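One chain is shown next in C-alpha cells, namely the form predicted alone.
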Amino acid sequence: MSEQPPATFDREATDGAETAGSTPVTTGATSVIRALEGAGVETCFGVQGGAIMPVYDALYDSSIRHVTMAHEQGAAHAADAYGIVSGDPGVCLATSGPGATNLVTGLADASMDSDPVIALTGQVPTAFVGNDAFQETDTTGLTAPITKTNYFATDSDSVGDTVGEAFAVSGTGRPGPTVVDLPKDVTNGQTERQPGAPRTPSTYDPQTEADEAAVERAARTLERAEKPVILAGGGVIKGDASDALRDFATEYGIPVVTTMPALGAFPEDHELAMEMAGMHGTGYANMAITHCDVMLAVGCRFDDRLTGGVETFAPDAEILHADIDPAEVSKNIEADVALIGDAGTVLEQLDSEMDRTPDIPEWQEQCQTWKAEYPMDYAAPEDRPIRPEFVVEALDEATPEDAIVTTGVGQHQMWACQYWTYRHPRTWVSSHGLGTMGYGLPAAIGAKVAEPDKQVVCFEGDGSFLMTCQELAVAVRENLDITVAVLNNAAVGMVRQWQDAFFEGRHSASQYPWVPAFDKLAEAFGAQGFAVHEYDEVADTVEAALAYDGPSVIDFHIDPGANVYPMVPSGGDNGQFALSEDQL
C-alpha cells in the first residue's frame, strides 16, 4: 500500500500535459477521470454513492461509458470479465463502506486468477478517517491481501497520477487487481494539474526474458525427452502467447495439456490437444501428465485442483517451469529448470535454442490411444431427464467458434469445460481459484460490453444463478444480446455429488426444490424466458434464444442425478481418476 504520490510523480514533467478530455481539470475528481481517459479506458462498471459522488459528477462530462450494475459485486465481476476478454484492465467504481466491501469478493476472485482490474472506491473525508464515520471502512486494509497493490489518495494534485499508476501496475507483468481509495476531500479538492501518462513505479520492472543458461538447459532436456508434454496455464492467454504456444507445439510435435484457466490457449480440435487436466480433466490429459518424462509448464501455478496430491503429480517428469512471477516457481511443484519471463518470449527463446525435434512417435501414438480409451462420452436415455452434456454440446454447435462462454461455479462449470470445444483464447471466462458462485451473469455482461459483436453464452446452475440474477436488469437495460443457460437440477449439484460420494448421501442444505421458475423470473426482468424439459425441445429453443435480440434465459430442467466425471478426489492421484461414483 502507498500513502504517498506515485514513485514516478514529477510535478514539473507533467504540469500542462495535454488533456485527454474536453473539459479542464479543476478538481481531484476530474483528474481521476482524465487519468482514466489518458489510459484509454472506454468503459467502467459501478454503483453510485455518497463518497464516490464527486468522481461520478466528473464522469458525467467524459466520453467513458458507465454501466450501472445492480450490485457492486456484479460491477467487480463485469470489470474482471471485461479485462479477461479485452486484455486491458477493467474498471469498477463503488462508494465507501458497504460499496467497497461489496467489491471484495470480486477483487479476491481477480487476484486468485491474475485478472487485470482497477477499483476506484470512495472514502470519507480524510479528517474523518479512523473516527468510525458514516459508511467508513478501512478499504486499503481490507483489500491489501487480495490486490496486487492498493493506494490511499492523499493529495488532489497527485491523485490522477496515482490512478494512472494503479492502472499500469494492474496490467503489467503478472496481471492483478489494484485499488485506489479516494477520500471525498481529495476528489473535491481544487487542482488544475493534468495527470501524466500511466506508468509503473521505477522499482517495478518484471523480467521478460529467461536466463540464457536456463533456456539452453531446458532446450537440451526437451530434445532428449521420450515422453514430453506441454502444460499450458492461464499465463499463456494473459501473455498473448497462444500463437507462440501453437507454433512451438506443432513445430516439435509435443502434446499439449491445459489448465482450466487456459481453455482456448490451444485449439482443442488439434491432434496434439489433450485438453484440460486436473480434478475434472479428461482421462487422457491426466494420463499424459502422470506418465510424461518432461513437462514444460508455461504460465501456471500448479494449484491443488490441477495437481491432486503433489507427491503423485508427474512423478517421473523433469519440470521446466516458465512464469513471469518468480514467486510461483517451485511454490507447489519443485522446478528442475526455472524460466522466469514472459510466456511468449520464453517460448520464442526455447524455439531459437532447440537444435532438433524430440523423437517421440511412440509417445504421440500412446496419447492418441488414451484419447480412444477414455473418450468424453455419456449415455442419454430418452426415458431420463435431459443430460447437461447434451445441452452444452447443443449450444456449442449452434454458435460460432469464437463465441465467448462465461460460467458460474459448480457442476455446470465443469460440464461447460468438458463438452464445449474451445479453439481461441479469451473465449472462456470463469472463476477458477476462488470458485465464486454467481460469477457467470455479470461476467457475461462485461464480456459482451468488451466484445459486442461476439456471441456470449452464460452457463449457470440454479444455485449459482440465484446469487446474482439481479444483474439481468442491467442486461435488459443495456439491451445486451446474451444467452443464459441455467442447468437446473434443483440443487447445489457439486455439493450434492460430494455428499453422495463422501458423506453417505446425507443431503444437508444442498437440495433446492424451492428455486423459482427461471423463465418467468427472466420475463419479470424484461428478458426473454424459455423452459425446456424434453430432448426434442432443445434444438428449437436454443435457436429461438440465440435469435432473440436481447438477453434470454433458458431454464433447462436437467437430470438431477447427473454427475461430473472423470473425477480425481481431492489430494488424489491424477492417474487414478474415477469414471463413476463406485470407483471413488
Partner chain sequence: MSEQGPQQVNRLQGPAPEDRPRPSGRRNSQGIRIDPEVEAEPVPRRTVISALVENEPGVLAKASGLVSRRQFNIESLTVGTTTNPETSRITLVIEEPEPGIRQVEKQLEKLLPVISVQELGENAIQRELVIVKVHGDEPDKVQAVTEMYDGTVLDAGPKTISIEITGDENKIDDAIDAFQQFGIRELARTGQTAIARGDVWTTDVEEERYERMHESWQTTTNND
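Keep in mind that what you see is a predicted model, and the values were worked out from it rather than measured. Residue numbers count along the first chain shown, from 1.
One more form of this protein, predicted in complex with the partner chain, exists but is not displayed; see below.
If you check the partner chain in the model of the complex, you find a heavy atom from every one of Pro145, Val329 and Arg384 within 4.5 Å. Among residues of the shown chain, Gly561 is one whose heavy atoms approach the partner chain to within 4.5 Å in the model of the complex.
Under a 4.5 angstroms non-hydrogen atom cutoff, the partner chain in the model of the complex has Thr290 among its neighbouring residues. For the chain shown alone, Ala501 is not a contact residue for the partner chain in the model of the complex, no non-hydrogen atom being within 4.5 angstroms. At a distance threshold of 4.5 angstroms between non-hydrogen atoms, Val495 is out of contact with the partner chain in the model of the complex. Contact with the partner chain in the model of the complex, judged by any heavy atom within 4.5 Å, is made by just one of Gly253, Pro315, Pro98, Gly435: Pro315.
The contact with the partner chain in the model of the complex, taken as any heavy atom within 4.5 Å, belongs to Asp377 out of Glu212, Asp453, Glu365, Asp377. Stretch 145 to 153 is the contacting one of 117 to 125, 402 to 410, 259 to 267, 145 to 153, since its residues have non-hydrogen atoms within 4.5 Å of the partner chain in the model of the complex. Using a 4.5 Å cut-off on any heavy atom, the residues of 563 to 584 that reach the partner chain in the model of the complex are, in sequence order, Asn563, Tyr565, Pro566, Asp573, Gly575, Gln576, Phe577, Leu579, Ser580, Asp582, Gln583.
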